[in-house]
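The chain below stands alone, shown as C-alpha cells; this is the form predicted on its own.
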Amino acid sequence: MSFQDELKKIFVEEKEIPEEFRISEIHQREYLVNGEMKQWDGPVSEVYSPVNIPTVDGLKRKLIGTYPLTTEKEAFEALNAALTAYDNGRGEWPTMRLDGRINCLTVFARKMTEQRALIVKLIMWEIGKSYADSVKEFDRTIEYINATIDALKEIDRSSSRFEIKEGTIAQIRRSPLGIVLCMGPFNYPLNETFTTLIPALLMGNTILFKPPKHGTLVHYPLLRAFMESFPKGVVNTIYGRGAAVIPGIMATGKINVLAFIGSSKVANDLRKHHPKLNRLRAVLSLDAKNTAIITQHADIPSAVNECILGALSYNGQRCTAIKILFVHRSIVHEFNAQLSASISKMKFGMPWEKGVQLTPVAEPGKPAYIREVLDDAIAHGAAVVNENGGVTNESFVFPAVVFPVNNKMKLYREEQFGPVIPVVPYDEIEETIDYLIESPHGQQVSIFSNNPDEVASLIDPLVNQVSRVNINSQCQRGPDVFPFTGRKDSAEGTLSVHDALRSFSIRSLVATKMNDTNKKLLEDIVNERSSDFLSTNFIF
C-alpha cells in the first residue's frame, strides 16, 4: 500500500469512531453579560472540525456546532457591565477581601471540573489536538488555578505587615488595574487563555473575555460556572469577528489592560485604537521563531529526539515550538538522516487514537500555506529530504524536513506554525548568533552540545537575545512557576504564576509619619478591622 493510500484511510466514517469519542453538535445561542445568560437570535458562526468525514461528495470537515456572531452593540453591553462591576475600584469585586475572591475561584474550579469530559472532547474535535494532550491541557489548567491561588496567598502574606523606613510607616499591597480584555490563542484555547484570565480575576479586575476563533465552543460549558461563581459583571463574554467588535471598545479608552496571545501585527493594530496608550497596560505573548543550534559536539540521537518533540508536538502549532534548526555542517547529513528516520516512525491518525503523535492541522488554510513555503524553499535551492515529507490529505500534512535552508527562503524568517522543519547548515558558531541578533523574534533558543566551553560561549550572548536558553532540551513554557516572556516582537510583560499576578495589578501603599497620634490611628483601624486594605490579616 502506498503512503498516499494510507493517508486516504485516516479519515473514517462516524460509525467507525469509538462511541466514547463521538460528539453531538452543540449550537450555542447565549452569551454571558452582567451575570446573565443572554439569548441570541442573530447570525451564527459555524464550527467545523479539522477532522474530515467521508461523504458521497468526498471528504468534508465535520460540523460540530455554532456560536453567536454578536455585534459591536453587544460588545459595548459587555464593557458597560464590566465598568459597572468595577465602579472605579469601588465595586463589590475589587473591594472584596482576598479570601473572598479565592473562595469564588475555588467554587469556579470545582464547577469547571464537572465539565471536564465535555471540554476535553471539544478541545480534541475543535482544534484537532490528540485526546491525551487535550486531557493534559485541561488538567494543567486546573493545576494552574490552584498554583495561582497559592502564589497569591504568598504575596499577601508578605504584605500583611507594616514597614517603617526613615520615620515613615506604610503598608504596601497590590491593587487591581480595572477592566481587562482577555483574548487567547487557538492552540491552547483553555490553558493559555486562563493564564491571563485567572490572575487578572484574582487581583480584583473585571473581565471582558473573547474566545479565539478556533476553540470558541471549548468555553461554552464554562459560562454558567462563571455566572454562578462570581458577582455579576465580573466576567463578560464577547463573540463575533474581532475586527468588528474590538476596535470600538478599545477606542473608548476604558480598557485598562490588553491581555492578548497571538500575532504581533494584531496586537499592534488593537493598541492603535486606544486613545491613551500611556493608560493601557499590555500583557502580550506573540510571535516566535525559536531556534535550535546543534553543534558538532552534540549527542545526535538525543538532539533528534528533543528537536522532534520541540518541532512537532501538536504538529508544531505552538509559539514555543522549535521552528528552525542550525546544524553544524560536519554532522548535518547524519543528523538529517536520523531526524528523517525518527519522523517516519511517528504515529499519525485521528486525535482519539491511542499514542497518536501527528493529527490534522487546525487552521483551514494551513495546508495551502505549507505547500507555499515548501515550493518557495525548493525554488531557492532546498529539497524535502524526508520520505513523504509534505504529503497532504485535506487537513492532514505529514511533516517535512527541508534542507538546505538559506536566507532567501520564507522558512528562514517566517513563523510557519505547522509541521515543517527547516534545517540550516552552518560552519562557524557566530553565524547562529548573528541569526538571533537579526531576528525580530526573541522568545527561546535550544543549544545542543556536550562541550561545556562551547555551551558557555553561546549562553552569554544569547541570554541577551532571547528570554530562555534551553540546554540539550526542547523549547517549552513550563514549569508554570518559571517566567515566560520574550524579547523584541515576541512578548510584552511576563507570564508565570507569580509574574502574572503582578502584571495584572499595581503596588499601592498607605503611608504616614511615624508619631504617637498616627500610630494610635493605625492601631485602631487594624484592631477594629475597619479597612480591608490596611490589615494584618494572614491567609492560610
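The numbering used is simple: start at 1 and walk along the sequence shown. Keep in mind it's a predicted model, so treat the numbers as computed, not measured.
There is another form of the same protein, the form predicted in complex with glyceraldehyde-3-phosphate (G3H); it is not shown, and what comes next is about it.
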Contact check for N80, F230 and K232 against glyceraldehyde-3-phosphate (G3H) in the model of the complex, heavy atom at 4.5 Å | no
Answer option from N386, S439, T320, T432, heavy atom within 4.5 Å of glyceraldehyde-3-phosphate (G3H) in the model of the complex = T320
Assert contact residue (glyceraldehyde-3-phosphate (G3H), in the model of the complex, non-hydrogen atom within 4.5 Å, options Q28, T494, N472, Q476) equals Q476
Would F504 count as touching glyceraldehyde-3-phosphate (G3H) in the model of the complex under a 4.5 Å heavy atom rule?
-> no
In the model of the complex, D287 touching glyceraldehyde-3-phosphate (G3H) (heavy atom, 4.5 Å) | no
Can R140 be called a contact residue for glyceraldehyde-3-phosphate (G3H) in the model of the complex at 4.5 Å between heavy atoms?
-> yes
Decide whether N187 counts as a contact residue for glyceraldehyde-3-phosphate (G3H) in the model of the complex under a heavy atom distance cut-off of 4.5 Å.
-> yes
Counting only non-hydrogen atoms, the one stretch of 30-38, 478-486, 505-513, 50-58 within 4.5 angstroms of glyceraldehyde-3-phosphate (G3H) in the model of the complex is 478-486
Hey, which residues along 191-230 are within 4.5 angstroms of glyceraldehyde-3-phosphate (G3H) in the model of the complex, non-hydrogen atoms only?
-> E192
